[in-house]
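In structure tokens, one chain follows: the form predicted on its own.
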């Protein structure tokens, strides 16, 4: 049997966040590619990378702090140096049930801004970045001026904006505004990515059956969320695999004309809120 030479510089995939969605995405799009999985928790990262490597993935773990621009830049440069950067999927994030208002802004908003900026610098033709936001971002009621600022000011100035200061210490509006910031930041970045022959989009899931969602379900928001899922007809949370399938579409060649948009994946919850 004739063998084929091994390509030492295969396509590279980067996934931030080693939780439920991040792991599902890594499995979905990491086959046959050099896979970098990044997370803030060394323990979580080592466990997930160990499982993926046992399943045959060429997985490499990188401890990262998305709030630190230098940390994200190093990840981007390392990944780009290993081969063609095919896809970057940014799933790392927090919610109101597990993190303070400040941490929601730092991780969800500033962290995403760092990922968009640092990976734009190394993106090449065909690179696709998908940022995971949250459907809550579409419930924000912000002025056009505030949205423009969230979308365009430098990452290091985001926490100083009046719209951020107005939230105070309440984690729920911080979660909502920080997710809206992800969505509008992706829109604003689309032109720069297009000019590189690359793309950037976001996905906004509703409830997903992950460890973070379990923490939310056990909080004061859990009962409200369950009632909403029943009322909109979905009756259940999404599985991480369902979200990974949508992300795989946006990250792949089938979506090569999709850029600067947000795809809501919430089982009809948003439609129910708007129309019923």
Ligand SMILES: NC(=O)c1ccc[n+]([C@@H]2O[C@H](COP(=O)([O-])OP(=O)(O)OC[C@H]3O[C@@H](n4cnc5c(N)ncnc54)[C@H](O)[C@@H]3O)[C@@H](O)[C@H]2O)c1
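Positions refer to the first chain, counted from 1. Only a predicted model underlies this, so the values are computations on that prediction, with no experimental measurement involved.
Same protein, other form: the form predicted in complex with this ligand, not shown, and the subject of what follows.
This chain appears without its partner; in the predicted complex, the one residue of 190, 94, 158, 86 with a heavy atom within 4.5 Å of this ligand is 94. Scanning 244, 250, 66, 49 against this ligand in the predicted complex with a 4.5 Å heavy atom cut-off leaves one residue, 66. Within this chain, residue 232 is remote from the site of this ligand in the predicted complex, having no heavy atom within 4.5 Å. In the predicted complex, residue 21 approaches this ligand with a heavy atom inside 4.5 Å. In the predicted complex, at least one heavy atom of residue 41 sits within 4.5 Å of this ligand.
Contact annotation for residue 119: none of its heavy atoms lies within 4.5 Å of this ligand in the predicted complex.
Only one of 77 to 85, 162 to 170, 144 to 152, 128 to 136 places residue heavy atoms within 4.5 angstroms of this ligand in the predicted complex, namely 128 to 136.
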